[in-house]
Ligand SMILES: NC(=O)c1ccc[n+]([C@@H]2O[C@H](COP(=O)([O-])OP(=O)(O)OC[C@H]3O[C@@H](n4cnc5c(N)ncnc54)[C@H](O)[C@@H]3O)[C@@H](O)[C@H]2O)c1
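Take a look at this one chain, the form predicted alone, written out in C-alpha cells.
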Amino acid sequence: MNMEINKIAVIGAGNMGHQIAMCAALSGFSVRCTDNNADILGKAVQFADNYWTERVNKGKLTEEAAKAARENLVFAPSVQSAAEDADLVIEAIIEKLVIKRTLFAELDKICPAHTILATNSSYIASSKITDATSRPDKVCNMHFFNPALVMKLVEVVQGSHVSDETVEAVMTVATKMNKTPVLLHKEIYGFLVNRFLQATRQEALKLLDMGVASHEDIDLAVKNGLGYPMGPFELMDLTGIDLAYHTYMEKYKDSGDPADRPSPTVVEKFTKGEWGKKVGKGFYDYS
C-alpha cells in the first residue's frame, strides 16, 4: 500500500513556491514554506494574507476555508524547521543544478527516511540530482505551472530511478490539490509542455534578433494567428527572463552546443536586470 502524505514542505518562497504552498494549504495539507531570502519570505507572507482576504471579499472563498488555509500554512524560518518532519518536500528554487544538488543533500540529512523529495524544476531532470541523496527511488520531478494557484497541470516525471510508490504518492497529492497530473514514463529535456513552448520561444527570439518584427508584433501574431492566450514575450515576462537565461545556460553547460546558449536579447535583458513582471520591466514596462 502507498504511504499517506499529510505534511508538505516547500523550499523556495518565490512566485512559484509560495503559490504551490498555498495550493497545498487550501487542499487541507499541513504546509511549511521557507526561503533563505528574508525579503522574499516576507513578500510571500504578505501575498498570502492579501490573497485569502481578497478571495473572501470576492465570494470565491468562504471565511471558514480561508481560516483553515491560514492555519494550514506556516512560513518557516529555515529549511530544517520546514522539512524535518515532512512527508513530501517540493523544491522551488533557482534553476541552477549545483544549488539544487546542495539543497537535496541537505534535505536528505534533515528529512525522515520515508520523505519524498520532489523538484519543481521545469527542465532539470531529477536524475541529475538523485545521487546527492541516499534515496534515489524517492526523488522525482513534480512540475507545476505559473501561476500555480490558477494553472491545473502538474507534470510528474518517472525517471528509471523513481519507484512506482513514489509516483503514485505524488500523483495522488497533485489530484488532492485539485490539479490535473500527467505522468511521463521517462525523462526528456523540457518534459511535455515546455518542449512546445520552447520551440515557439526559440523561433520568436530568432525573429526578434534578426529584426524581422518587434516583440509586440510577434506576440500579436502568435495570439491572433495561433490562438495562444499569451505571446512568447509576454510569457517570458511572466515566468521571468532570469529563469529563461538560467535554463538556457544549464542546457549549454550540459551539452556544450553553442546552439543551446541564450539568445543575445535574453543575455542583454538578464544583464540589465530587466527580468520581467516581477521587477517592473522586461520586454514590456510594468511600472
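No experiment lies behind these values; they were computed from the predicted model shown. The numbering used is simple: start at 1 and walk along the sequence shown.
Beyond the structure shown, there is the form predicted in complex with this ligand, which is absent from this document and is the topic of what follows.
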**Asked** Is there a heavy atom of L184 no more than 4.5 Å from a heavy atom of this ligand in the predicted bound form?
**Response** no
**Request:** Decide whether K179 counts as a contact residue for this ligand in the predicted bound form under a heavy atom distance cut-off of 4.5 Å.
**Result:** no
**Prompt:** So in the predicted bound form, does T53 come within 4.5 Å of this ligand, heavy atom to heavy atom?
**Reply:** no
**Message:** in the predicted bound form, is there a heavy atom of this ligand that lies within 4.5 Å of any heavy atom of C23, even though the partner is absent here?
**Reply:** no
**Request:** Assess the spot marked by N37, I94 and N120: is this ligand within 4.5 Å of a heavy atom from every one of these residues in the predicted bound form?
**Result:** yes
**Prompt:** Of the listed stretches (66-74, 238-246, 218-226, 258-266), which one has a non-hydrogen atom within 4.5 Å of this ligand in the predicted bound form?
**Reply:** 238-246
**Prompt:** Which residues, if any, of 142-173 lie within 4.5 Å of this ligand in the predicted bound form when only heavy atoms count?
**Reply:** H143, F144, N146
